[in-house]
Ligand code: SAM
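We begin with a single chain expressed as structure tokens, specifically the form predicted on its own.
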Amino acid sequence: MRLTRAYVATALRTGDRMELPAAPAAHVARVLRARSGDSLVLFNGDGREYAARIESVSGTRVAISVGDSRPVDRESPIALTLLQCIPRGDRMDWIVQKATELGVHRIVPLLSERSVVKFSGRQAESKAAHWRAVAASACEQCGRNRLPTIETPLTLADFLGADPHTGERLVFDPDADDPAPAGTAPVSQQFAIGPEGGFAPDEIDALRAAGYRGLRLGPRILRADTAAVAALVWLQSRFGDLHGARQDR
């Protein structure tokens, strides 16, 4: 039987007794209806899994004891950074969730010329915190023991002006001439997905000037959320670990 996994943003040590933080405790108590004696798997982003046992459940308060831990690496062999222009509605939540499941290392939410969404500084920080919680929940489901980095939203121009990345760079563009990159698997891959309506021509020029190579994702124009998932599946299938039998390393 598959054990329930819970993310806790705190240090974990074998032999500790503690209460689960409010959010995972409420999920364990109310949604899963866990009872004393039930087993859990905890992780805090350090790359290890911690066996745990529920000592007591009182309302939404859950006391646990922490057992042995072991390193479990389910991270992609390439560091994938998704530069995602934020779509309208709750589509960004879906992108963050699916990108996390597909092994993304880092997500940079972007505001571009054609972006419908606009944020103030405080709203941007609040959105980033929300997306980090979405990523943590996705890690609980998919088995990852390290959380992807979710940056605070910023404009494409600001990002390109401060970007230190030196690895492979792609911009997925339905008007690009290049059908696919060749060569061996990169150590890191950074790729950009535009908003509804795509990147503006001057933004494509800026990305090209910054070293991004244009790439088509087939003959059809994909929605922003579809393009992000399609790009990740393609990159992981070609260069990463989306193939063969699963191995817990």
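Just so it is clear, the model here is predicted, and its values are computed rather than measured. Numbering starts at 1 and runs along the sequence shown.
FYI, the form predicted in complex with the named molecule isn't displayed, but the following is about it.
For the marked spot (A9, P24 and G45), a heavy atom within 4.5 Å of the named molecule in the predicted bound form is absent from each of the three residues. Of the candidate stretches 62-70, 208-216, 45-53, 26-34, only 208-216 has residues whose heavy atoms lie within 4.5 Å of the named molecule in the predicted bound form. Contact between A224 and the named molecule in the predicted bound form is found at the 4.5 Å heavy atom cutoff. Interface residue remark: L40 is not counted as part of the site for the named molecule in the predicted bound form, having no heavy atom within 4.5 Å.
Interface residue remark: G167 is not counted as part of the site for the named molecule in the predicted bound form, having no heavy atom within 4.5 Å. Using a 4.5 angstroms threshold between heavy atoms, F119 stays clear of the named molecule in the predicted bound form. Taking the named molecule as it sits in the predicted bound form, the stretch 20-51 never comes within 4.5 angstroms of it through any non-hydrogen atom.
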